[in-house]
Structure formats: structure tokens, C-alpha cells
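First, one chain by itself: the form predicted on its own, in C-alpha cells.
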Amino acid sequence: MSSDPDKLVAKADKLTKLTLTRWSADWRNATLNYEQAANAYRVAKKYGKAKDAFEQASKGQEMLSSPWDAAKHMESAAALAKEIGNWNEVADLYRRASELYVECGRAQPASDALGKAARAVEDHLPDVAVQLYTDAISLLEEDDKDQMAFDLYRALTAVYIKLEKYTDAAAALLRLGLAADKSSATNSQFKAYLGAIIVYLYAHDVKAAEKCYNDCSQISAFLGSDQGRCGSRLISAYSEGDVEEIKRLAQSSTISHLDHAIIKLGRKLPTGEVTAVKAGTEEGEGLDENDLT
């Protein structure tokens, strides 16, 4: 058998075309040829041709009713598209691989494929990365694998922060908190809550930060945690207009143990002008402790 990848592809193409003497495509042998050609091209660093051959090999495995092997080949094609720097194609090919894993009933590798795509494109197509991370999370949560989604939530939050979409970043952290709660991962849950408070404060939306703290405080264990105490002190410092206390808390070990993207925001607090909240508010204007939603 020829080891020339061009000849292997030509032979494979011929095996899949119907003629007067060939009434059905020979996908089994064609796929073997595409696979050999793809590997030979990859070794030779002819990434474009290798990518195309892996796509054809993937199609062949689909025709042979083997979606798992088809998905693996599609992931190989996506990785080669990354080498070339074709970011839209990276996203499309990994998404197709994910769909093939779903056909196999395998949520985790389906989610992993989307996560790989998101990580590959987030510096180039951040909005596409947001959707890929979101879909990867959904696949795991629909399969009751919430705990496996924690890192995806953190990555999603970091992309939102890069895009300066701070409300979305805080919402992603609160969703992480919910997933952690379902997984009884208390430490991750409370870190996510404090992270959301810090994101709001960084965006200088003190009211949203206060509301977020009050909502999270409905979970009594949060109040007694390091993260809960840090959140409470931050809110108090903002209410009192105590810039030095805010700066001191921003350097605290509690914030040092959060995710890197949140630490960077926390260290920069306060970001805007801080003025004490007037004590003499009208009766009825204060916080309603029974309405924290």
C-alpha cells in the first residue's frame, strides 16, 4: 500500500464515488486511507491537508455508524484548524465533534470538546467563546454533572471580565454558586458568592453588590464563613465611605484565595469615588430584610 498521502486521498476519493462498475461506496477502505493520509500529513506538518483528511475520515466513520470514532477524528481536525489559526473553523469543528459525542450519549466528552473550542478561540472570538462555554456547561448540568462544570464557569467568568461585561460575570459566578450548592461544595459556593460581590463593586455598582450580599446571606452558613465576613466588611466599608478599610480588605488572604480573574479586580478596589451613605434615610427606605430577591 502506498504511503504517499496524496495518493491515499486520491484512492479514498475514488472508493467513495459511484461508477458504472461500483454501485456502492466502499467507506470502510476509504476511511482507512483517509486516516493514514491524515496522520502522514500531520507528521509532515501539512496541517491544512491533514485537517481535510481527518474531516473525510470522520465522515467515513459516520457512514460506518461509528459516531465515537467520527468525533475523535473531528477533534483532530479542529486541533489542526487551531494550528493554522482558522478560529471560526476551530469552533465549528469542535462543535461538530460535540454533536457526535451527544449521538453516543456521552455528555462529558461532548462538553469537553466545546470547552477545548472555547479555550482555543477566547482570545480571538470572545463572544463565540462565551456561547461555547455556556453550551458546555448546559451539557454537563443536563446530565447531572454540575460539579464537572465548575472550571467552565470560572473560564466563562474570566471571558466576561475581559469583555467588561461585569453584570454577566457576576451572574456566571452566582450560577457557579448554585451548581456548587447542588454538589455540596460549600467552599466553591462561598468563593463564588464573594467573587460576585467583588465584581459588582469593581463595576462600582454598590447597590447591586449590597443586594447580592443580602441574597447570598439567606444561606446562614455563608454569614459565618471567611468569604461571608469579607463580603460583609466590604459592604460596610463602602457604606461608611472608608477607603482605607476597602484597600485593606482588598489585600486580605480571603480575596487572595479566589480565582485569579477575581483577585485582579479585588486588588483594584475601590474603583470609583466612595462616599458614606447618609444615616438619616427616610423610614421605609432601608433594606427590607424579608425581600432579598
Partner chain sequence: MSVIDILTRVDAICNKYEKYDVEKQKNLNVSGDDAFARGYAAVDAEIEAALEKAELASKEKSKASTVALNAELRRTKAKLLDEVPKLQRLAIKKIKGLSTEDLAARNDLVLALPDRIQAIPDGAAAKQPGGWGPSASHTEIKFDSDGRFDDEYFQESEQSNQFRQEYETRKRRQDQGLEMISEGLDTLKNMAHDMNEELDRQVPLADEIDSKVDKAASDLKNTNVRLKHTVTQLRSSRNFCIDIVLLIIILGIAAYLYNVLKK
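Note that the structure is predicted; figures quoted are calculated from it, not measured. Residue numbers count along the first chain shown, from 1.
Keep in mind that the form predicted together with the partner chain is not shown, yet the notes after this line are about it.
K.L.:
Is His73 part of the interface with the partner chain in the model of the complex - any heavy atom within 4.5 Å?
P.N.:
His73 lies outside the contact set for the partner chain.
K.L.:
Taking 4.5 angstroms as the cut-off for heavy atoms, does Asp242 touch the partner chain in the model of the complex?
P.N.:
Contact check for Asp242: no, nothing within 4.5 Å of the partner chain in the model of the complex.
K.L.:
Would you classify Ser138 as touching the partner chain in the model of the complex, given a 4.5 Å non-hydrogen atom cut-off?
P.N.:
No, Ser138 sits far enough from the partner chain in the model of the complex that none of its heavy atoms falls within 4.5 Å.
K.L.:
Is the gap between Asp123 and the partner chain in the model of the complex 4.5 Å or less for some heavy atom pair?
P.N.:
Residue-level check for Asp123: no, no contact with the partner chain.
K.L.:
Okay, which stretch from 159-167, 184-192, 199-207, 114-122 lines the partner chain in the model of the complex, with non-hydrogen atoms inside 4.5 Å?
P.N.:
Partner-contacting stretch among the options: 184-192.
K.L.:
Residues Lys46, Asp52 and Asn88 are flagged as a possible site; in the model of the complex, is every one of them within 4.5 Å of the partner chain by some non-hydrogen atom?
P.N.:
None of them does, since no heavy atom lies within 4.5 Å of the partner.
K.L.:
Could you spot which one of Ala179, Val130, Met148, Ala79 gets a heavy atom to within 4.5 Å of the partner chain in the model of the complex?
P.N.:
Residue within 4.5 Å of the partner: Met148.
K.L.:
Would you give me the residues of 221-240 that have any heavy atom within 4.5 Å of the partner chain in the model of the complex, in order from first to last?
P.N.:
Only Asp226 sits within 4.5 Å of the partner.
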